[in-house]
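Consider the single chain below, provided in structure tokens and representing the form predicted alone.
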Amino acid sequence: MSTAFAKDITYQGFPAIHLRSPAGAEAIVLLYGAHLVSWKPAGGEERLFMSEKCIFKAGTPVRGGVPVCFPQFGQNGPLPQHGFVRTRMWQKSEAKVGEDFAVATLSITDDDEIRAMWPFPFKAELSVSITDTRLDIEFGCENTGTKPLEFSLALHTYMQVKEVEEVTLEGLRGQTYRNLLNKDAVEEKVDTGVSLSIDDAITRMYYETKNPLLLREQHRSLGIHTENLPDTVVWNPWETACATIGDMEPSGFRHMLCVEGAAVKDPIHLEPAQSWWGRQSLVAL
């Protein structure tokens, strides 16, 4: 049995929190972007993909792990791609170990620079909790201003896989989706496959995916469940697009698949003093 802890460390030049649960699971979350960069279930392997060419530099997004896309997803709005919190420093609110878990909570609030881009006072929190084989990532937002605000959110989770062409994603049969590879397309389709296999570039937004998902590999699987995150984004750039991503190795697409809990189709609306939370849970099987 490993010694449990929740301690401050430096990771690639950034302040971070290193968690170890009483069962021996581990996670590392940066204060920069509240970005989870590592999760290892107890006795298991790394389950998050991090690019070998990842750039750890202030003002630059981190490639891999779990970027937090808020208050905008993608380029669907006037803000920088995926919003602004993933390239800003957060504050440590709490880090502790319980009887069977370890948890860290980080927070961020608006400031003058943020309000110049997005004039809505807010407070956001992100909690990372690990037990033995389970990871919970919970995002919460409170409207601290005097007028309503709306936002989109995605927990842009890069799952690490041995070989993406050999995995299947189960649980999406019968779900409606849009193909976001064609930015001009508005047509919605229904997934009729028993499972989703990846053999080409994919960027799909599935709506109202209430069923748990299962990412299945030959030697291991990963259960994926969300609460209050009705949409699911599935993304892999494949070979041609991957070659154009400067902070990702050309073969990186083979070892990752993004399966993202999200709230995008219908943005979250908060009246003054209202709050909201959403959670994505991963279970190593």
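Don't overthink the numbering: it's just position in the shown sequence, from 1. The model shown is predicted, which means the values in this text are computed figures rather than measured ones.
Another form, the form predicted in complex with 6-O-phosphono-beta-D-tagatofuranose, is not on view; read the next lines as being about it.
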Can you check 154-162, 109-117, 186-194, 90-98 and let me know which stretch has heavy atoms within 4.5 Å of 6-O-phosphono-beta-D-tagatofuranose in the model of the complex? 154-162
Among 63, 203 and 233, does every residue place a heavy atom within 4.5 Å of 6-O-phosphono-beta-D-tagatofuranose in the model of the complex? yes
With a cut-off of 4.5 Å between heavy atoms, is residue 86 one of the residues that contacts 6-O-phosphono-beta-D-tagatofuranose in the model of the complex? yes
Would residue 81 count as touching 6-O-phosphono-beta-D-tagatofuranose in the model of the complex under a 4.5 Å heavy atom rule? yes
Is there any non-hydrogen atom of residue 73 lying within 4.5 Å of 6-O-phosphono-beta-D-tagatofuranose in the model of the complex? yes
